[in-house]
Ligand code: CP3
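Just the one chain here, laid out as C-alpha cells, in the form predicted on its own.
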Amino acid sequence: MRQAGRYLPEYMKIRSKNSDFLKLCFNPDLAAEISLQPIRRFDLDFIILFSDILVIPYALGQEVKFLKNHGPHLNSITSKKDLNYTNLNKSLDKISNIFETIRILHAKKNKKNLIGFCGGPFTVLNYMIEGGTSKTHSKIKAFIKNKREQANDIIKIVTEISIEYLKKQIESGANYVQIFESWAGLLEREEYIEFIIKPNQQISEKIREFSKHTKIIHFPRGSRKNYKIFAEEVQCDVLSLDQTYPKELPRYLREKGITVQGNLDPQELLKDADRVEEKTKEVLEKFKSNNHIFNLSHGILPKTKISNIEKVIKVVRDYETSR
C-alpha cells in the first residue's frame, strides 16, 4: 500500500528533481529505482510496481495532470466520444515504458515476487467523470443514474484496456497483479453488481485464461457487507480488506482457499510505537487461522515515521517466527 512514496526521504529526493509525476511513472530507470527503495530499506517480501492507476485514462486520450497540493486533475468527460480511443495497441503504446520498468524489476528482483496493478474499472471511471479526487462523488453518482448507457460504454473500454494492460505486465515479468477498486464502497445492490462485480469478474477470467500461474489480488475497498458477494462471484487468489467486512468473511475465505491481505489502519502508524505494536498484533491474531499477507488497509501517510514501519515489520516477523 504505497510502499514507495512520500514518507521515504530517498523517494522525496528523486521527486524534488522530477516535478511531473506522470513523467516519473513513465521513466523506467527512475520508476524501477523507486520500486526497489523500500526493498533495500526494509527487505519487504514483495516488490510493488511504482506507477499510478490513472495511466489508463491517459492511454485513452484523456488529459491527466498531477497538481501540487491538489492531486490528480483530468478534463471531465461525458461519453466515450470524448476519448481519443481508436486502437487498443496504440493506446497501450502510450504507456509502454511501464512494461520496460517491469522488465528492469524482473531482472533485479532476485527471489522476490513482483506485483503489477491497475485500477478497478469503476474506480477509473470515477476519476474520469469527476475530473479528479472528490469528497461527494456527485458527478459519478448522477452519471451512472442518468447516463447508464454512456457509463457502460466507458466501463467496457476501461475493462478491455485494463485486461490487455495487465497481460502486458505479466509478459514483462509481474508475478502477481492487483486490481484496486478503491471506490467500490460508493455502490450498493444492482449498481454494485453491474459496475463492480461484472467488470472485475471479466478481468479475473481473462487473466486466468491468459496465465494460470499469475496470482490475482482484488481490493474492492469499502465494500462492507458486499465483500462476501465479491468473494463469491469474482475469482481471486487474494482478497484485500479494509477495516469493515462481514465477521464471517475470514472463515469463508479460509474454506475457499483465498488468502487474506490486510488490514492495519494507516492512521495507527502515526501514533506511538507501543500502540503500533498493539494494533499490528491485533491484525495478526485476527487472521491467524487464514493464509494472510500482512498489509495496510490503505496507503502509507506522508507523515509516517520510518521507525514505525520498522516496528510493524519486526512485530510481523517475530510473530511468524514464534508460530
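Keep in mind the model is a prediction, meaning the values are calculated, not measured. Start at 1 with the first residue shown and count on from there.
Omitted here: the form predicted together with coproporphyrinogen III (CP3). The next part is about that form.
Asker: Judged by heavy atoms and a 4.5 Å cut-off, are Pro57, Phe99 and Tyr165 together in contact with coproporphyrinogen III (CP3) in the model of the complex?
Answerer: The answer is no: none of the three residues contacts the partner (heavy atom, 4.5 Å cut-off).
Asker: Within 4.5 Å of coproporphyrinogen III (CP3) in the model of the complex, counting heavy atoms only, one of 139 to 147, 201 to 209, 69 to 77, 227 to 235 shows up; tell me which.
Answerer: The contacting stretch here is 69 to 77.
Asker: In the model of the complex, does Val283 come within 4.5 Å of coproporphyrinogen III (CP3), counting heavy atoms only?
Answerer: Looking in the model of the complex, residue contacts with coproporphyrinogen III (CP3) do not include Val283, since no heavy atom lies within 4.5 Å.
Asker: In the model of the complex, does Lys305 come within 4.5 Å of coproporphyrinogen III (CP3), counting heavy atoms only?
Answerer: Lys305: no contact with coproporphyrinogen III (CP3) in the model of the complex.
Asker: Evaluate Tyr127 for contact with coproporphyrinogen III (CP3) in the model of the complex, applying a 4.5 angstroms cut-off between non-hydrogen atoms, and reply yes or no.
Answerer: Residue-level check for Tyr127: yes, a contact with coproporphyrinogen III (CP3).
Asker: Under a 4.5 Å heavy atom criterion, is Arg317 part of the interface with coproporphyrinogen III (CP3) in the model of the complex?
Answerer: No - in the model of the complex, heavy atoms of Arg317 and coproporphyrinogen III (CP3) never come within 4.5 Å of each other.
Asker: Heavy atom within 4.5 Å of coproporphyrinogen III (CP3) in the model of the complex: which residues of 1 to 17 meet that condition, in order?
Answerer: Going through 1 to 17 in order - heavy atoms within 4.5 Å of coproporphyrinogen III (CP3) in the model of the complex - the hits are Met1, Arg2, Gln3, Ala4, Gly5, Arg6, Tyr11, Arg15.
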